[in-house]
Each structure stands twice: as structure tokens, then as C-alpha cells.
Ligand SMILES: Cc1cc2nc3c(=O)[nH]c(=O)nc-3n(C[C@H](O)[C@H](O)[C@H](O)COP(=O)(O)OP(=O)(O)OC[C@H]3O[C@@H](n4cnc5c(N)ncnc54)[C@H](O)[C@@H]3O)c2cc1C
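Shown here is one chain on its own, the form predicted alone, set out as C-alpha cells.
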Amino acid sequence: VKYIYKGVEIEAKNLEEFMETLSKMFPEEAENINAFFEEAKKAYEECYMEAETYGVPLPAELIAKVFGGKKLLQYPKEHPHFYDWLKKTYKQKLDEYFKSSDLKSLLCALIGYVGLDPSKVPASSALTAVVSYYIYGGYFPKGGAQHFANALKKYIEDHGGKVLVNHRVDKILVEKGKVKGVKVGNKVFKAPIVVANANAKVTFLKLIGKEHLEKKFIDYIRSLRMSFSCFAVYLGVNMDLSQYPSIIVNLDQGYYVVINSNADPDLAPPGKASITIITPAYYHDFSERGTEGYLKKKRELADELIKKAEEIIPNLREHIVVQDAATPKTFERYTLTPEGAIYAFDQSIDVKRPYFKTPIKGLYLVGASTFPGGGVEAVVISGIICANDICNWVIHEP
């Protein structure tokens, strides 16, 4: 990873290099840098203490249900470091350890993985999605995100299930407070259990309908703020970029360059590279998709990001073989998530995400709408929690 901050390039291959570099840049904070990461390691390990049983960390409600109320009461004592991160924002944790605003800005370089404002992002979320990256590194599905989806599909089919593509659900069927199945066009699929991976606003406000839910719950769902989105440029270039880091974060200009093929060489032919350039973006800054104004802005933003990236990778534009771009409205089109929100709802500390067990009996939520939030690992955790609950939290011996 390379960070660009106030014109200075900071590159580190592992935590030790990163801490050494930061200590040289901020010698008066060296002791605090060591202490911060030591505590972060302990907090992260405590977060996953119960994962040995079911493979994932559990929220407070489930700790009480699965392990008993006594376990929940003991949680602060058994998880003293992580419990402290749970109660604070990331800014509060940084302020505890550091005085230098520049150092704190550098430790927020990857804050885009959970939000944009460290004064609103829960410290626990920053720990698992940002600080853990410095400590343990970042991981990705080999072969790309579609490869991961294909692997899940194969597993389902290998175990006797069916995956129906091109079957967009129009309605979740409910009778007397119980789920009865789903409707796709003129087809009805009956089921006593439905697991909804759609955004919670879509699930409750469109697929179910307010007639099956209490007004207080509907108002709560409507009140949830969507997360920010992003603008992304995708490039295939006939350049060998293997000498560059996989991720370059330009904090001065607010964008990320991800050289996907450096992390996974299978994503580009030999001697060529696959690149994604990303910057935060907001849905309402774009006019209707397909209009002249929309297309013009999309072209201009793509051109601007490529120009910025050329400050890092000279002559990039001359080597472009394939180019595409995506706006928040593109993400909305392909994911059906309102406003193209990449993390479903705002992940600020004051936002309470919907619980995975819904007011409709037999209807469950999984995905970025529910605990623990957005991101590949997070949504997988939500699925594991849901599956265990459906199976009554039976522990299967290997």
C-alpha cells in the first residue's frame, strides 16, 4: 500500500514497516504508535473470541440468546479492549493516543472502507475494517467478486439446491404476519422461510408493503440514511504495472487507485494490468441515467480521475485498451440498492441497523442492511448468523 499525504509518499508492505515509517515521521508519537497497535491487536482478538463456536462474532442480542445472559454480563470483563472500542468513535480512540492531526489523518487513510467521517464511524467498525488492514493485511476473492458468487452457486447446487437467475422477486407473500413465499412475475414459490438479501428499504417498503407492518416500524425503516456511494473508473491497460503497490491512496485529492492485477495476476494478461480508480460520490449529484447531462458528467469525471491517476502512473491514458465507468446510479441499476449506496445504510455510530429477524415470522434479513454492515466479510457473517439461527444454533461437530 502507498499513501500520498501532503505531497509525501508513504509506502509499507506490512505493519512493522508502516509503524517504523510513522515513528520516523512522528518521533514524538513513536511510543503511542506502538501502544495503539498493541491495543488494537488485543481488541481485534477479543472481537473474534466467540468465533470458534460458530465461525463469526455475534452481536449482544445473540450472545445472550446463544450463550446465556450470564455470558452477556461478563462480556465487558472478558473483552475489555474491544468493549472500549464498541463504545467510542474512531476519532475518540485516535484522540486518546495521538496529538498530531497529520498522524491521525494517515490512520484514517482507509476510512472509506466503513464511512467518511472518523467522528461518526464506530471505533469497532474502524478496527475490523481499517486498523485490521494495517495489522493483518487485506484479502479478496481470487478471480474477482463474480468468482466468489459462482463458488457459492456451485456449493448450493452440489448440495441439491437450485439457483434461479433472471428471477427478480416482485413480492414477498405474507399472510397473518407469516411469510408464505415469493412471487416472480406469474410464478409463486411457496416457502415457510424467506431470506432477503435485498436492501431493507426495498424489502419492507416495496416487496412486503406497509399493510403488513406497524407504522412505527415503517417510519423507522424510512428514517434510515443511506450510505455514501462512489464513482469508479475501470481500465484495462497494456502496461506492466507490477512495480507499483496494489493500492495507492491519494489523501490530498481524495481518490484510490487499485491495481487489481497486482493482487491477482489472473485478472489481466501477462504484461498488462487491470485498474480501478475510485472516489466518493453522492447519488443526488447526478441527473437521470441516460440523459445528456448525466452522460456528460460521467465522461468528465472519468477523464478527471484518469488525469489525476497519471500523476502516479505517467502516460496512463495512452495505454488504455478497455475503459468503463460507474456512478451511484449505475450501482443502483445493477444492485437495486437505493441511491447506489455501497454500504446500504450510513454506518455512523448513531445508526441502528435493522435486526436480522424481522417482524414477519419466517422472514430474515442478510447482507449489508443488517449486522455487521457493508463489505464482503461483513455480509458473509450476516449469512452465517442467519443460517445458524434458522438451524436453532445447533453446534455440528466436525
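Just so it is clear, the model here is predicted, and its values are computed rather than measured. Start at 1 and count along the sequence shown; that's the residue number.
Here the subject shifts to the form predicted in complex with the named molecule, a form of this protein not shown in this document.
The named molecule in the model of the complex is approached by residue 335, whose closest heavy atom lies within 4.5 angstroms of it. Put simply, residue 368 is close to the named molecule in the model of the complex: some heavy atom of it is within 4.5 Å. In the model of the complex, residue 36 stays away from the named molecule, with no heavy atom inside 4.5 Å. The closest non-hydrogen atom of residue 77 lies beyond 4.5 Å of the named molecule in the model of the complex. Residues within 4.5 angstroms of the named molecule in the model of the complex, judged by any non-hydrogen atom, belong to 162-170 and to none of the other stretches in 162-170, 89-97, 303-311, 289-297.
Though the named molecule is absent from this view, in the model of the complex it lies within 4.5 Å of a heavy atom of just one residue from 390, 15, 384, 376, which is 376. Scanning 119, 246, 197, 238 against the named molecule in the model of the complex with a 4.5 Å heavy atom cut-off leaves one residue, 197.
Residues 342, 343 of 338-353 are found to place at least one heavy atom within 4.5 Å of the named molecule in the model of the complex.
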